[in-house]
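Included below are structure tokens for two forms of one protein chain, each presented in isolation as structure 1 and structure 2.
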Structure 1
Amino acid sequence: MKKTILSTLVMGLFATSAFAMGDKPQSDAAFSDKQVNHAQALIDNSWTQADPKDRKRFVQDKTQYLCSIYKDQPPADIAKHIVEMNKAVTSYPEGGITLGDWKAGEKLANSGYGLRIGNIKADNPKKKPNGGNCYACHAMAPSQAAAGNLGPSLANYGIRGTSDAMLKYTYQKIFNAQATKACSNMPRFGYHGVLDDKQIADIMAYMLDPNSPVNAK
């Protein structure tokens, strides 16, 4: 775990401009350096009321930068590079990947709480833990009609069983979706520290436990 935090910090330290000037793979990028720099100038002058600590959220890591300039469709070599970078910052729980409590996972799948900031309507981390908000994008339990469709349906996800390969794949998708697919729309929940290992284990139980409503016949 420690290694991941360190890598996250190191990656976070790079400013956007560092990528725009050096490290130039973007010959066919959707946006030119000039456009990217102008957009950055607008970020610098359009959040003047924000807390400087909060403004750090605009600093892109290399994955975010590359996906942005290619409109989420990077060429094959850069896509491969993105996947490799994200594999390198994916860490696995010390005691191995295990399933937690599917009922706790169900709550997390339904909750979109957490990490909203600002002076108008900020989330309070002391009030409620971060959610996984899975239902915003995925169908899961067939009984839950109010499910989004930005991501694939996960209904009956558990019929595939709980082999080591399934556990690893599922964990990886939640911890860092871009370790399997470059520029996936899915947030990198573990990498960014949105969800901790226990929460991921609970969500995995909700997806894989035969008794979970996700796997209702």
Structure 2
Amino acid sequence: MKKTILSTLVMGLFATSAFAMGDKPQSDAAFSDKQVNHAQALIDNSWTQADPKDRKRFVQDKTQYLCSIYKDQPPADIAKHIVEMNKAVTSYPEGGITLGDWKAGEKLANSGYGLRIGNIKADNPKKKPNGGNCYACHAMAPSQAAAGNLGPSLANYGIRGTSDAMLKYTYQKIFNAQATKACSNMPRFGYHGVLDDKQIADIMAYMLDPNSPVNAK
């Protein structure tokens, strides 16, 4: 439960913070000016003791702003724009997309360490690397009972195979999910520097390697 709460906090900081970009479109599907201003005031008066570098995470980029004002359901043209905008800023490993060590990926999938702030001592990436905290939102290995359901089950994800297209899709989903689906709830782990390429490769191996417990029959 604690891991889930902390994960939700971190995801919230990335996905639903301040309305700071201006140019709010006029649409019944979007929040009103009153709602926008109220949300902004709540954010401005929250986590005031946080480190200034952490408070920078409260400021939305263009993708987050668009998803927020359209309540994560943007019109088709805006959704397409969001996906294309994020494809343009998604980078790939120099040596190509490969699978890493699934055992290392298992540890990362179970680790909720990283980027936690608030009433706890802030995580220090110099002492311990960030985790993916995958189980906060996804079921993966059938043997792991403590799993969230905010995201789809990834059990037996490996049956999809390891074609170039599947490797690219899986990498994009972890590095920058907004490049595959506009307003996805998935954090942008690579884009925001939460996970590096090696860590992403290890988590991908945990998902796709036939020997991984994720793919246990």
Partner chain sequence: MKKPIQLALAAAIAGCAISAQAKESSVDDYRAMLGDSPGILWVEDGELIWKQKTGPKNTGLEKCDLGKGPGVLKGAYAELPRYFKDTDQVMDLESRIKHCMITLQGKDASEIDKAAFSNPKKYIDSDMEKIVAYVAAQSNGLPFNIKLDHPKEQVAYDAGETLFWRRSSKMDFSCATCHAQDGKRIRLQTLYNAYNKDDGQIIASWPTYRVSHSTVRTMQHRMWDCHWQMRLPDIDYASDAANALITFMTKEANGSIIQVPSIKR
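FYI, numbering is relative to structure 1, first residue = 1. Being a predicted model, the structure only gives us computed values, none of them experimental. Rigid core (definition): largest C-alpha set, two forms, superposition within 1.5 Å.
- By the stated condition, namely the form predicted on its own, the second structure is the one that fits.
- With the core held fixed, residue 68 shows a CA shift below 2 Å between structure 1 and structure 2.
- Relative to the superposed core, residue 172 undergoes a Cα shift smaller than 2 Å between structure 1 and structure 2.
- Superposing the two forms on their core, we find that the Cα atom of residue 55 is displaced by 2.5 Å between structure 1 and structure 2.
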